[in-house]
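Single chain ahead, by itself, as structure tokens, in the form predicted alone.
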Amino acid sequence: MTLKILNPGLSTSIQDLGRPGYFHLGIPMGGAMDRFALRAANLLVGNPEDAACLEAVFMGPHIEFQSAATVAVTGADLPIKVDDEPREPWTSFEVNAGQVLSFGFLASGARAYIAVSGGITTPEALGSRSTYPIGALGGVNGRPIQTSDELPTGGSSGPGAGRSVPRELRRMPGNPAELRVLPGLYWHRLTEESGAGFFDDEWKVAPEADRMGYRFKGGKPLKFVEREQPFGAGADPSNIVDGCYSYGSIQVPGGTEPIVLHRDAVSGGGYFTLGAIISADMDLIGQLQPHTAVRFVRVDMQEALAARSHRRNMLQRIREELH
């Protein structure tokens, strides 16, 4: 079975759970920006949770189905249509051969995940089908989808229509969005007043927000404890001698606009990082539109681990609901 792309939307790519194991070589894990939504979409159509789906950003694609399949769309609220007839989000539905799946205007969120029974079966690159355009890996010849592409799938008809994720398990950011932060290795570089201000201020998502990183504006510039810069760090106090970046690291070039490094980010560089967004909240960042209000919330390791456990339990409840 193949999916014929009539219109690719704004920026639609093939994503799965990524390619771990190559970060030390400078190749990021990549994969879905909202892993929770991708897993839920796959569960709805009877796929393994790591099957490849389509990740649509702000605007959905138009897709003609060559044979019948079960489909589910999770994540952002993009009104779903099959031959212009509406379908429910976070709920499985059937699409017959010759029918066209399309989408209306974005209502909330930023990224929708389109799962098709059998999964998308384009060739793997380093163990993943995820699109990483900078490295020309995965996707369709290393790029996002384009008009007239034909995407192969596993061909399964799936479990059929009517399977649904309960509303209380449809995880999306609030307003303002709260992103929990674990202060890190270079936190001591900030003055006490400046560190407190980072959490007191309200920030907004900047237009410069993509799969590599999300930039935030609107808070007060950060101030640094005075020191003699080490050799090789340069004059700017936000510079360090090159260090490693963990997934979710928050770098602040020049101390002005925090950048949260996301799925396709580099693995190291010369900016200090004040900490990292906890793993349980990284999915939420992928659903933030530009200009969305955000508050950063300080947590400790125990709170971060409890949040990860809560997210894991939510996924388990979805598995049990759809078993």
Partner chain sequence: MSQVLSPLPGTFYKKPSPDAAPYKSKGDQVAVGDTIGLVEVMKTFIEVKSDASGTFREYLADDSCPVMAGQPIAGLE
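Here the structure is a predicted model, which means the values were calculated and not measured. Numbering follows the first chain given and starts at 1.
Missing here is the form predicted in complex with the partner chain; even so, the following discussion is about that form.
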Item to complete: Given the partner chain in the model of the complex, answer whether the residues M59, R111 and A209 all have a heavy atom inside 4.5 Å of it.
Response: yes
Fill in: Stretch from 22-30, 289-297, 65-73, 37-45 whose residues place a heavy atom within 4.5 Å of the partner chain in the model of the complex
289-297
Item to complete: Name the single residue among L106, L179, V252, L151 that comes within 4.5 Å of the partner chain in the model of the complex, judging by heavy atoms.
Response: L106
Worksheet item: in the model of the complex, does L305 have a heavy atom within 4.5 Å of the partner chain?
Response: no
Fill in: Contact flag, M314 vs the partner chain in the model of the complex, heavy atom cut 4.5 Å
no
Response to the item:
When the partner chain is considered in the model of the complex, the residues of 299-321 having a heavy atom within 4.5 Å of it are none
